[in-house]
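Take a look at this one chain, the form predicted alone, written out in structure tokens.
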């Protein structure tokens, strides 16, 4: 396989996954705020600022009044914003077009259908009352695409490359969501004694990661900072956790590099090292300095991506 084609498959997976997390973050934050116990968490301005913070566009002016329709449009349908949802869908389809002969007809047709549905969605309807319908459609369609990837492609190098992109992007988005909700928790506090540790924002975080029900079944209690960080970062049984994603990335790298030689310069060694570090981490250690741990993990995920591209996709 050409390195260029492999790179296209890798980024196709990343853009599909990124589209889902943008849509879910918009949906969960907007509608969860209706049930929030703290007045600030219910504020539309607070919710809009949280959305922009997660997108890497934090608003520094506390007196700036954000327009709800403009924020929604910028995050979803603004083609001049390179990080908007519609551009991520465009990028996914462009990468699929460039590696068409390496994927199944069923997968390509689903990506094409997804692309045209997003392109033709009525923007004015979305701004006024289409947020729920549109974001649910995106999350459902990305789930369909992952099903097509798992069910219609041989589980060989091509599958491994696509899943590398999906799992690396999932880990990155989970950490970005943790960063955003940690920032929200510091501001919004809570109403259950220990304000930060028991903030409602930890519940919202779990819902953004589609992990709230799993957390409740495991812990049998309301989420707090420790249980949420442990579940979303360190619990390998949670399919949306960073630890699970690192395990998946490592397993897929083994498909591309089955060598028994333990070369410390390879991405396989680096991923294994990060896996081992987080396998034996404790949530209380992370809570001691959440921001430093978030920044460090994001940096490590970026290095993994760079090393994968240098080692396998350099052309």
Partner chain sequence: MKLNTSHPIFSAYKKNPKLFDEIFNKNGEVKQIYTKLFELYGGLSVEDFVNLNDKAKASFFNQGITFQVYSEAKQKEKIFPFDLFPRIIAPDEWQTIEKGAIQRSKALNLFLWDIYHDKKILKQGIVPVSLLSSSVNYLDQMMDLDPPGGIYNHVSGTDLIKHSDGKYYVLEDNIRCPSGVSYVISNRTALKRALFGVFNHYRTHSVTDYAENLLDILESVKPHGVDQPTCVVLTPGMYNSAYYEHSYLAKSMGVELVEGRDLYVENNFVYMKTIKGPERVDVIYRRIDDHFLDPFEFMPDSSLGVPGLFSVYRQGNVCIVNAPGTGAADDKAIYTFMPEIIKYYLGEEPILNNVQTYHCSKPDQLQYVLENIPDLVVKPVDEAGGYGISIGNRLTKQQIQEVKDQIKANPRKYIAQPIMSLSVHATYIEDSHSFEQRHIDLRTFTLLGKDKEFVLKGGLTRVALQKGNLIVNSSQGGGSKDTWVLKK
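Note that this is a predicted model, so its numbers are computed, not measured. Residue numbers count along the first chain shown, from 1.
Just so you know, the form predicted together with its partner chain exists too; it's not on screen, but the next bit is about it.
Residues 93, 97 and 161 are all found to lie within 4.5 Å of its partner chain in the predicted bound form, as judged by heavy atom distances.
Using a 4.5 angstroms limit between non-hydrogen atoms, residue 40 is distant from its partner chain in the predicted bound form.
At least one heavy atom of residue 103 is located within 4.5 Å of its partner chain in the predicted bound form. Contact check for residue 256: a heavy atom falls within 4.5 Å of its partner chain in the predicted bound form. Residue 116 belongs to the set of residues with a heavy atom inside 4.5 Å of its partner chain in the predicted bound form. Comment: 107 to 115 is the region of 202 to 210, 107 to 115, 68 to 76, 145 to 153 lying near its partner chain in the predicted bound form, near meaning a non-hydrogen atom within 4.5 Å.
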